[in-house]
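Given next, in structure tokens, is a single chain: the form predicted alone.
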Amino acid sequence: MATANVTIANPPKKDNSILRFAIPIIIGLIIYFLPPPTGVEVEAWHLLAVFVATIVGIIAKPLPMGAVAIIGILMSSFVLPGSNKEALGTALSGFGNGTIWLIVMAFFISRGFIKTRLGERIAYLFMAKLGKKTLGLSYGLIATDLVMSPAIPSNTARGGGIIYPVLRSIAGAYGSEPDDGTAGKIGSFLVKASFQGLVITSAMFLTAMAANPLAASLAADNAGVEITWGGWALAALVPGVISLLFVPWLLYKMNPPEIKETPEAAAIARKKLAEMGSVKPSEWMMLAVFVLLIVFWVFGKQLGGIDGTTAAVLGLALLLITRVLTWDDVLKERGAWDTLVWFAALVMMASQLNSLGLIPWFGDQMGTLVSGAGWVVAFLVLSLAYFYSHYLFASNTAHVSAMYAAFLVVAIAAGAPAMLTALVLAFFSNLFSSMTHYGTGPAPVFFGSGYVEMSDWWKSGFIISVVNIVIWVGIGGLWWKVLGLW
């Protein structure tokens, strides 16, 4: 009997774009038409509706984040007090925020690391020195990330543009591939260690992750806490270094790679460096600007009160004057322009919610609920709730925007030291990215390589989250006591 060939078509993919549009609109309208609580002005309540709808839109992604932010700015101009012209001016006020321009300038400057290949050279230099063993190789990749993190605010650019390509080439050289049963040779360990290192370095500098300046701005606007670049780096120094040393070792012990000795990696690195040739003038200039920026960011007050944003503008100007970067490079840096738009929108909304009294009102209400527990207990409970709620978020920015200011105000109202609370929540705004394969920009890059199973990623991610909390709150707490933060 002849058999007929039957082709079964794949079922069409469901188009959920309408649902993505509808969810933020419906949630925003529900809040808008609910009566505001006693003590909350109508304008503040209506702006909250716009703010929540914008955050939900960023999570649901019916449009790119910048486009969602533009719509949020438009809707804010309809609910803010004053004439339409005055309200629009307020809605656009975020674009004049110096902290926003600091991170945008840092995005532009970071392009120089990739264009000149200085970042790649640094990676191979560390590999040549530390790459004789698998654990040392992971430290070399993490050290590369640590060196570049102060000047590259996109952890996705650092991880996906510099660290991962080097990691992938090394794993391939040792015959470790994601889809043929050889991932455990070396690839899976390097992926997990490099990603977790990236999470930690993002917490160590104000300019190491795009949402960090957002947290600093919210702390200033809502609690009067001024977090400087140097103050952030100093507070993160001890717990950050300990985490960077301990976490890769722990991952190595939890799931030992099959290949433990990698002498060829150092040879590969030396070969790559030979192919790159001697350090080019553009690389020297990039390095000089990078060092200059660090000096100004750390010692700006002592050097004539130079503001961090001013220093960043100076650094970009030097790179343009010396032709390390061209204006076309600046125009093509889409991540910077996108950040400018969403950052300006979220900072404006958060600032206005504070000015209109909503956040102080929320802090008073919640502070009353936790006041009897003592500030230490309230601080720990709120910090842990803030940390582990990141399972619900696919973006550091969305999480910081939605919850940072509220949790900060409540903890301070319960008696927690303001600077300590602002910094811990800011550090946690990076460290909570360790847990899932979707919680931060570079997570899909590393997880998407296929080297690590999802169950392994979540299991190790949760364990590392606990380890980081113990290190940063425990050992870090002692360090912060020395610094006088509490």
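From 1 onward, residues are counted along the sequence shown. Because the structure is a prediction, the values reported are computed rather than measured.
One more form of this protein should be noted, the form predicted in complex with a further copy of the same chain, which is absent from this view; the next part is about it.
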- Task: Taking 4.5 Å between heavy atoms as the contact cutoff, choose which of 40, 418, 445, 70 touches a further copy of the same chain in the predicted bound form.
- Result: 70
- Considering a further copy of the same chain in the predicted bound form, which of 313, 114, 237, 147 comes within 4.5 Å of it through any heavy atom? 313
- Query: Within 4.5 Å of a further copy of the same chain in the predicted bound form, do we find a heavy atom from each of 164, 168 and 389?
  - Reply: no
- Query: Heavy atoms within 4.5 Å of a further copy of the same chain in the predicted bound form: does residue 249 have any?
  - Reply: no
- Message: Would you classify residue 307 as touching a further copy of the same chain in the predicted bound form, given a 4.5 Å non-hydrogen atom cut-off?
- Response: yes
- Task: Spell out, yes or no, whether the shortest heavy atom distance between residue 36 and a further copy of the same chain in the predicted bound form is within 4.5 Å.
- Result: no
- Query: So in the predicted bound form, does any heavy atom of residue 327 sit within 4.5 Å of a further copy of the same chain?
  - Reply: yes
- Note on the structure: Assert contact_stretch over 377-385, 174-182, 269-277, 329-337 against a further copy of the same chain in the predicted bound form, heavy atom within 4.5 Å, equals 329-337
- Let me know which residues along 58-79 have a heavy atom within 4.5 Å of a further copy of the same chain in the predicted bound form, or say none if there are none. 62, 63, 64, 66, 67, 70, 71, 74, 77, 78
